[in-house]
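To begin, one chain is listed below as structure tokens, in the form predicted alone.
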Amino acid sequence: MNLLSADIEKRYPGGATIRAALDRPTDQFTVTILFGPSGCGKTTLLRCLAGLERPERGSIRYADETWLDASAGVFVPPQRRGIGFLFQDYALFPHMNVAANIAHGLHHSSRSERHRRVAEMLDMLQLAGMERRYPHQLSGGEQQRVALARAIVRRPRLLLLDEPLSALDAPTREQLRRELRRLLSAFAIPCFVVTHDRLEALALGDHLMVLDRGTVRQSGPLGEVFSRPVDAHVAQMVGIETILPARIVRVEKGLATLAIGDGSMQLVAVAPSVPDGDVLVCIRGDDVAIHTGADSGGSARNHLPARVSSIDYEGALVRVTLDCGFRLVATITRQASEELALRVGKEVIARIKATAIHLIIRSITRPAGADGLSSVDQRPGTLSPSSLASSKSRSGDT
């Protein structure tokens, strides 16, 4: 297997230091998401891979080529790396029409070859008939497709996209998430995509690298990272709504009984690799089913009497905060909310499967405040992951 391998350190005088290491395949199509909050180092890492930034330490290798070896003074410039780069603001030339923008990187090709490739891009990206338009005459989505066409018309071996949907309005962004993944799959070029948007990461990615404060906190298959974060901070970053301190009181037949708070509330989860001690309980909102008291059956291990504390509408979804003796967040569809006739103060039953609860082992005591959750460090436990492919509507058994 051919790999893109990097182990770099980029330092900014008086500012942040970015440290990152990665190994990703180059002979198969994958989309690697560089994920994290603004200022965490995502774009810097992308620009280092492109050759637009030069790290002070480390190396970058693509298959058998060395793009960077800081100790040996080796640095291959961007134009010799064979990459396509889609900038956050698209960086289209305002004085050039669509066809000229797309053809800009083909100046070494013959005229007939340029025409052929531009026509191919116009057709594939549904831009036919717009050849003579200028960037200011295009919608945001059309500008994005032109910029993508310009990045791939040279047939790069690696495609780098920096926040490719952030310049679009919300409705257009939602529509283009699906379209962009389809296009990337059609071109079958290994990709790196920078984003801080969880929905964008889920729609586009195969592999997730979570960055924070200049370092990689976790890297792995996208579903695994989203469902099995290694620590509380990553759990917050990937959007797990409920994170609770707990302790394991017993383990039987592979299931751990957990005491929440003073022990008056208990949960059952798949037992972690270290079957005793303190843990953090992580529960995704879409793994919580809400039922009325008259409908409390089902296969879920955890049936929790609860009261609705708040209801927040978020587009097609509803975020319901429950008081179960602890704060629990459920994410359901508007239809499910209406069918349940939810209102603040209503008594309901929250159901959670044992396999949907991820446990993080807590170990080293430290001062509170680093993640706002607890006074301990965490190290990863092992647990059967919950499915990210499940429906957002959880009005049935989980």
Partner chain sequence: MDWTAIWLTIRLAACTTVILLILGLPLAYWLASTRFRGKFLVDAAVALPIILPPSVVGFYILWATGPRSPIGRAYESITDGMLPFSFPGILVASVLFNIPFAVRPFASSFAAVNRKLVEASWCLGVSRLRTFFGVVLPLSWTGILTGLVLTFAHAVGEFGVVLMVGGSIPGVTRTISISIFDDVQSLNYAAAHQTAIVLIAFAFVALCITYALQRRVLPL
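Positions refer to the first chain, counted from 1. Quantities reported herein were computed from a predicted structural model and do not represent experimental measurements.
There is another form of the same protein, the form predicted together with the partner chain; it is not shown, and what comes next is about it.
- In the predicted complex, the partner chain sits within 4.5 Å of a heavy atom of Phe85.
- Although the partner is absent here, Leu52 is a contact residue: one of its heavy atoms lies within 4.5 angstroms of the partner chain in the predicted complex.
- The partner chain in the predicted complex comes within 4.5 Å of a heavy atom belonging to Pro78.
- By the criterion of a heavy atom within 4.5 Å, Arg145 is excluded from the residues contacting the partner chain in the predicted complex.
- With the partner removed from view, the residue among Gly315, Gly129, Gly293, Pro94 that has a non-hydrogen atom within 4.5 Å of the partner chain in the predicted complex turns out to be Pro94.
- Site annotation in the predicted complex: the residue of Gly105, Gly285, Pro245, Gly214 reaching within 4.5 Å of the partner chain with a heavy atom is Gly105.
- Partner contacts here mean any heavy atom within 4.5 Å of the partner chain in the predicted complex, and among 95 to 103, 321 to 329, 170 to 178, 223 to 231 they occur only in 95 to 103.
- Highlighted residues Arg47, Arg150 and Arg154: every one comes within 4.5 Å of the partner chain in the predicted complex, counting any heavy atom.
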